[in-house]
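First, one chain by itself: the form predicted alone, in structure tokens.
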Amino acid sequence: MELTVWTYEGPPHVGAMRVANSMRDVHFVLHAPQGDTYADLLFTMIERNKKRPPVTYTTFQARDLSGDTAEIFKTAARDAVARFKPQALLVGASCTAELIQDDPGGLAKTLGLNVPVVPLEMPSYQKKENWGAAETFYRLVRAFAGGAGKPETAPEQASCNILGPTSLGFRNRDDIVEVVRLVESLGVRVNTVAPLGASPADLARIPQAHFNIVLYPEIADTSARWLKRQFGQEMVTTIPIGVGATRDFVAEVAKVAGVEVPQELLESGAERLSWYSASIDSNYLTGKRVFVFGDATHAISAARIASEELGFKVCGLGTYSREFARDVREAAAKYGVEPLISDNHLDVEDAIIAAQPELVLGTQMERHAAKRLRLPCAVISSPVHVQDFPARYSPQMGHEGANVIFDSWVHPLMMGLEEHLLQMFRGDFEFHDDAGSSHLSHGGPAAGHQPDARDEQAAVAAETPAPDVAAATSTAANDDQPSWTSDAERELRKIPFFVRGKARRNTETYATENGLNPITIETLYDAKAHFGR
């Protein structure tokens, strides 16, 4: 067993809660001890929901273990049905309750409840959150769509279901609005969106559409494949994140639906990312090295945008979604990088250090790592923090999603400063690494403040490389790479952050080729002169 402080995914019962919280008229009775009620906070504090998730915990205590915990579950299930009157009842056990080996599904069956009961088997010590969400959605689809049977008449060809969006999904709420708008502009009828916003009755209508759009394979792939086998429903699998992928998505939907693509959708006026890519301003960022990590859906899409639409160089690509490792390996081969398949955030941080990127696109974990390494970062995937559920409309998919991605990735890199302004203000007290944000008054000294000895000590400490960077430098030295003197490190940090990685690599290459170790300030400027010729 490996202990860790952070984890990319929770246990599978959290995935089941995501599906229950996404739907209407579904209630989940979770056999769990008191401490497992922490999961409520994911929805009320992180996602900023206005209500608690529809979950009843049995909340047994240590003293109950010597008694009848099965009776506690049965009482909770009976009370939940009487109080909430759901159309369907999910029952399962948390990772802790799994150890006492009660059988929630069997116990619920003995109660003779007047609502359909969907039992969930969650192997908490083999599977994780996304698998739990996919399994829960699959069980619900089988229970309700399977029970409805095949429709008597074949569905109209231009009709579809959109499957996969859930509660706690990265920008899922806004993606749905954008994708529905896109599909309906093709003249295609949206039959059902599930699980987000759907009821069990809506799931029973799924067979009445001609095809399914699998928007998030991590959640909907299992269900969509079963629906294809059971009802012959075709699958649209292109994920419309980015300009090129949105065009591919529109073409695939039109082909499956048998419709023509309207001329206005073929024109690029709806998005502005491609205009930027063709402008002279994009030269500032062409060839910048970017490290990408997240769930498979968003990581693969982000790598494509970075490489094909913004001119970045993908220097690292990985995922924590082991079920989709093959897809990520195929994408990594396309960019000539070694795929990273890991759910250990420390392994990912080591890979970032080794790749020396100038931009990190990742999860909340990578945002923390990038902050320690003084690298710019944009979050592209779950797990996320509260600020990644913005109050404003902020999709990732479709044309507007491309605009949001452009703002999220490019503006932090540009910082509103063109190259000549960076040169002009280089060394200015307000524009250096240790200066706080200009809109935060505590980021800099108060007006009239006179520096004293404590300020000088703080300045020296601030100029000392961060521990992780120092560790990385030390590691590099152990690998026969030249080390850096502290003066040279301080001089290097005066270079704007988005060209600093390239300056470091060039200097180390120059020092290695000329047998110079350690790297001093003189080496740094000799290397600059060498590569500037």
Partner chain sequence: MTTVFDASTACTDTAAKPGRDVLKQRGQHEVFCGLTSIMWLHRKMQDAFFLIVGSRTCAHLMQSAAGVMIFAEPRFATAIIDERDLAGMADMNDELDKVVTRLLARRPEIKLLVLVGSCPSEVIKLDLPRAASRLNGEHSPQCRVMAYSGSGIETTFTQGEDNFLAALVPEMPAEAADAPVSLVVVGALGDVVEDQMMRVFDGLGVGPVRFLPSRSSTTLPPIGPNTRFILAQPWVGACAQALERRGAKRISAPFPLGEEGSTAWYRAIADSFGVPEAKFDAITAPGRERARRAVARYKPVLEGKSVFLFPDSQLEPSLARFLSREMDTSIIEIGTPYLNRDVVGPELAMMPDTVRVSEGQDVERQIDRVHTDNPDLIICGMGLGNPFEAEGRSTKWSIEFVFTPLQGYEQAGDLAELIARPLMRRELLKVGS
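Positions refer to the first chain, counted from 1. All values reported here derive from a predicted model rather than from experimental measurement.
Although not depicted, the form predicted together with the partner chain is the subject of the following passage.
Using a 4.5 angstroms threshold between heavy atoms, A143 stays clear of the partner chain in the predicted bound form.
Although the partner is absent here, A378 sits far enough away that none of its heavy atoms falls within 4.5 Å of the partner chain in the predicted bound form. Contact annotation for A511: none of its heavy atoms lies within 4.5 Å of the partner chain in the predicted bound form.
A residue is said to contact a partner when one of its heavy atoms sits within 4.5 Å of a partner heavy atom; I100 meets this definition for the partner chain in the predicted bound form.
Contact annotation: of the candidates K313, K128, R205, R139, the single residue with a non-hydrogen atom within 4.5 angstroms of the partner chain in the predicted bound form is K128. Residues of 65 to 86 that come within 4.5 Å of the partner chain in the predicted bound form, judged by any heavy atom, are L65, I72, R83, F84 in sequence order.
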